[in-house]
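Next up: just one chain, as structure tokens, the form predicted alone.
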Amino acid sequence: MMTLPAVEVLRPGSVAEAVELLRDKPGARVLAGGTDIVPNLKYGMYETQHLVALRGLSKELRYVREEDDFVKLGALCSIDQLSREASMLPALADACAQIAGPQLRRMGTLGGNLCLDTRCVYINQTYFWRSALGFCLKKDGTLCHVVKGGKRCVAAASNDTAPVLLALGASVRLVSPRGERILPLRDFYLQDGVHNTVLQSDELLVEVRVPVRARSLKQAFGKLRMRAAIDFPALNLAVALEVAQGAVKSVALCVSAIAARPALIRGLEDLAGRPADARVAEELARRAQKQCKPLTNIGVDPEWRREVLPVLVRRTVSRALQD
């Protein structure tokens, strides 16, 4: 039986107090819904003595509203809430409805999902299992067991909301004791499995902003997992197309669960002007497969995931165009 280590739970009454606690308690970690950090603490993945619990900030950080040409989503919106209330962004609502199971969706939060720690078959194990292997780059070791001789951790991003919000051109509002900054979500993630976001240790993600124009985009989310429910993604993706008079004006495609950072497929500008039909879906599938190279960082065969990727892209794009 895995038990939690001894930690002190700090309960701030405001965002300002929360970031001050993060500054004053080196190594402190944020506790929102707890659906990811609690199991990871039991695995011994973190060295921390303090958790900054955000439950008391729900009135400040739990909302869905349109304001200043944005759909604004508070970071403490539960995944379940967004699956029901984010109908103006159907791909996001669909992604949220496919995360984990009902109990976890009620506890998990948008901010927590966006900041979800990366996962790898060699790290999300008990301390005993990892010690028998000699540990790895992400925690306590010096070797990567996925890439021979690798010097950078390639644990995979597993958050389902990220590819959707990236495809929709979202930004995030971050707050620290130094003030706040608004950052495009495409600049939020890093290609580093140890710490795959730009969040500083005393910084908190408090809001997601999606341009109102995203409501008019043809959008869809696709997810591949080994079981029909509960599982983390073996592969996930989102597409957003602007279509006018039957032709593509712009398109964004984001693929994730294959590397530490969700991947926006590059070089799609030349698709503007093409008919919005099955040929566009086929071309997006071809380009995604060319640019994405799944690894053995999760317990699903990478070659199979590579072959399934274009199938999932075609199906997701076709579904977006039908809506």
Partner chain sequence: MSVGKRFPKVDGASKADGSGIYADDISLPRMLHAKILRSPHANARIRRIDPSPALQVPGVVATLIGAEMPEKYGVIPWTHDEQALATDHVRFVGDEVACVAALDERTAEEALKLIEVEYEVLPAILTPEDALAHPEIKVNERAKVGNITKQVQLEFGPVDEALASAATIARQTYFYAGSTHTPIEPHCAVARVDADGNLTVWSSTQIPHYLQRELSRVLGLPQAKVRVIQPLLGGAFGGKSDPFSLEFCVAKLALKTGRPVKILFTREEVFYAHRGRHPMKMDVTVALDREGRISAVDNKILIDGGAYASFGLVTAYYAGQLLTGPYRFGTYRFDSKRMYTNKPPCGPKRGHGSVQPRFAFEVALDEAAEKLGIDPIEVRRRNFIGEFVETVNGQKITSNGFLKCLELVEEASGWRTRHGKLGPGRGLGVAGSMYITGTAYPVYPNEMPQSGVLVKLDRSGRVAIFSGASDIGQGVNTLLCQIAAEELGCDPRDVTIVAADTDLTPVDLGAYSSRVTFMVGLAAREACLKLAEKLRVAGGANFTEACQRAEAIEGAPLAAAGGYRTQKLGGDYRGGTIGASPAYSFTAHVAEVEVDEETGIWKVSKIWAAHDCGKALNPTLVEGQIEGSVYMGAAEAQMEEMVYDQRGLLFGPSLLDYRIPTSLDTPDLESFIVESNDPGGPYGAKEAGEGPLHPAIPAIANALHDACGIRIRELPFYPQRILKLLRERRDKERAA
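Computed from a predicted model, the values in this text were never measured in an experiment. Positions refer to the first chain, counted from 1.
Although not depicted, the form predicted together with its partner chain is the subject of the following passage.
Peer 1: For Tyr63, is any heavy atom within 4.5 Å of its partner chain in the predicted complex, or not?
Peer 2: Tyr63 lies outside the contact set for its partner chain.
Peer 1: Classify Arg119 as contacting or not contacting its partner chain in the predicted complex by the rule of any non-hydrogen atom within 4.5 angstroms, answering yes or no.
Peer 2: The answer is yes: Arg119 has a heavy atom within 4.5 Å of its partner chain.
Peer 1: With heavy atoms only and a cut-off of 4.5 Å, decide whether Ala228 touches its partner chain in the predicted complex.
Peer 2: Although its partner chain is absent here, Ala228 would touch it in the predicted complex, with heavy atoms inside 4.5 Å.
Peer 1: Residue-level question: is Gln322 within 4.5 Å of its partner chain in the predicted complex, judged on heavy atoms?
Peer 2: Gln322 lies outside the contact set for its partner chain.
Peer 1: Using a 4.5 Å heavy atom cut-off, which residue among Arg209, Lys218, Lys139, His145 comes into contact with its partner chain in the predicted complex?
Peer 2: The option sitting close enough to the partner is His145.
Peer 1: Just one of 185 to 193, 86 to 94, 162 to 170, 220 to 228 has residues with a heavy atom within 4.5 Å of its partner chain in the predicted complex, so point it out.
Peer 2: Going through the listed ranges, the match is 220 to 228.
Peer 1: Need the contact residues for 95 to 115: heavy atom within 4.5 Å of its partner chain in the predicted complex, sequence order, or none if there are none.
Peer 2: Contacts from 95 to 115: none.
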